[in-house]
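The form predicted on its own is given below as one chain in structure tokens.
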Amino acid sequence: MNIFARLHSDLLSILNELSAAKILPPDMRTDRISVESPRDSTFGDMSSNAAMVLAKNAGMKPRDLASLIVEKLEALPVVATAGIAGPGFINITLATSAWHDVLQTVLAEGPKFGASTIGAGEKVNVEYVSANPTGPLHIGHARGTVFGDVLASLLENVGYDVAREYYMNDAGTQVDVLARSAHLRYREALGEDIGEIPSGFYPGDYMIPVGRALAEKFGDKWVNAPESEWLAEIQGFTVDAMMALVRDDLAALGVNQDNFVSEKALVAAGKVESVHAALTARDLIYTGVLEPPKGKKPDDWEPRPQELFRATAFGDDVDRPLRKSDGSWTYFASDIAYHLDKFERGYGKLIDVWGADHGGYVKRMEAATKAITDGGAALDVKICQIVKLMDDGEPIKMSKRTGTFVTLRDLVDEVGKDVVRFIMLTRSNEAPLDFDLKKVTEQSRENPVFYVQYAHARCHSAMRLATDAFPELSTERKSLVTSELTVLDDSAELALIKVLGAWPRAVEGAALAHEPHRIAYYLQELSAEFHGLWTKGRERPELRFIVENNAGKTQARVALVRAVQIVIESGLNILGVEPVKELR
């Protein structure tokens, strides 16, 4: 039960009654009416802008309309009081019984509490990671990987049909360089002294096993052969080896994607030509000369005719080239074909998760998607800002070009997948993130992973202690549904239940906004409220979860603890983090 959705529904029913009574017009628009948590909890449990939104259409002053709505709200059994604030905002305080009903619902629904069907089975494609297949994943990929994976889980949780996708840029110059780097290591594996790795090649040690595997498979077949004979063969072999590394790294982080789409295969299938023909037929391609890039001196710029896509017609700043000077397709042309391919596979909602260095690419891709799908696809590009890896406050430097970068697998092996996944969501994707190896493994309140896991473990500890004190007491949620919850009347207990009641709204809000960090924030808030109640029990014995010689009150408190455990576990499952029962 989403208590906010229930109040919103009740409010719409009241507005319909007022419309039927000719107080409100029949054509009123209610889509902007909201029921939210007030900024200040002293105002009540919920606040609505209904009177402010409808007053003008109704020809009434907002406060006058609000008074009519408040009168009907106070007649609802779920509402204790309702009042008017400021120019016409409506503040609502729910009856205590409403919060007991929420707690009972958590116990009745269990892991399903918080799930919804607002997605209605609509197909969504979430593309994330999509690192060039030129080496293992590094920490720079970790944030987008976790963000995309958790966003996909969130969307599934609210009823969308989600595909997790990886786009392999396995065509073009970079994979040619990769093949040449592998050929060098192949010769090394056969005993040749290759000396220093040439500038521009991939120098990492991860290429050594590839060279050995090539030597084992081909012997000395390609040692003295011209590049034209071995490039394609070694390129395919090496890309497969790199993608095997990537899949292993993803598995270590708990990520299993549904689709791996190859740029090379799209090009080979004529998808880029098809896009080109479609855009040409709509007069969206022309030959022109672009202005020099910002910051370039005129004498550094060589103006030349290029085949351009009319991106400015769809919101971009400039038109964009589709071919390089040698006549081959640009990456942009392939990317247009890829996004059309997603749309043709039935995905009307497209979400791309990119790194910070791709921010300048967003407008052109949005324009191209709008053009090639004729507005049929909605593209949302999420940019994940950089992660700074630290160790006790000191930065750890990394450089992929020199082969001395910190891999994602190194990070997972160092602190564990659960820590990596949670910490990557402790800030919005739009904000930079510091990942301090020392701090994320500390057992302290400042470590959000520990803080939330500790709350979950404490729930299990409390339930074990309760059954020790009252052996006949069952901590199973189905048994606890029938508990006498009215004894939970302290403000601290009700405050915790109110946070529980916000869980369905938190999930829907995070999913619709494409902001999975909201789940991590919510879990920290719930954990803080739970730890706070635990601490108050030390100061006030009457608030302890186990009440001596009072099985009924203990059972009600255990019901509350079980509900907290259910919601924390649900949240951690969305994040892909294991809910532990004990901390060691």
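Numbering starts at 1 and follows the sequence shown. These numbers come from a predicted model, not from an experiment.
Quick note: we don't show the form predicted in complex with the RNA, though the next part is all about it.
S.K.: For A431, is any heavy atom within 4.5 Å of the RNA in the predicted bound form, or not?
M.R.: Judged by the heavy-atom cut-off of 4.5 Å, A431 is in contact with the RNA in the predicted bound form.
S.K.: P293 versus the RNA, in the predicted bound form: is there a non-hydrogen atom within 4.5 Å?
M.R.: Flag for P293 set to yes.
S.K.: Would R345 count as touching the RNA in the predicted bound form under a 4.5 Å heavy atom rule?
M.R.: Outside the cut-off, so no.
S.K.: So in the predicted bound form, does F450 come within 4.5 Å of the RNA, heavy atom to heavy atom?
M.R.: The answer is yes: F450 has a heavy atom within 4.5 Å of the RNA.
S.K.: Heavy atoms, 4.5 Å, the RNA in the predicted bound form: which of 272 to 280, 352 to 360, 207 to 215, 224 to 232 makes the cut? Say which one.
M.R.: It is the stretch 352 to 360.
S.K.: Check each of T407, N91, S262, T373 and return the one that places a heavy atom within 4.5 angstroms of the RNA in the predicted bound form.
M.R.: Result of the distance check: N91.
S.K.: Could you spot which one of T330, S153, T105, T475 gets a heavy atom to within 4.5 Å of the RNA in the predicted bound form?
M.R.: Comparing distances to the RNA in the predicted bound form, the residue within 4.5 Å is T330.
S.K.: May I ask you to list the residues of 550 to 584 that have any heavy atom within 4.5 angstroms of the RNA in the predicted bound form, in sequence order?
M.R.: Counting only heavy atoms within 4.5 Å of the RNA in the predicted bound form, the contacting residues of 550 to 584 are L583, R584.
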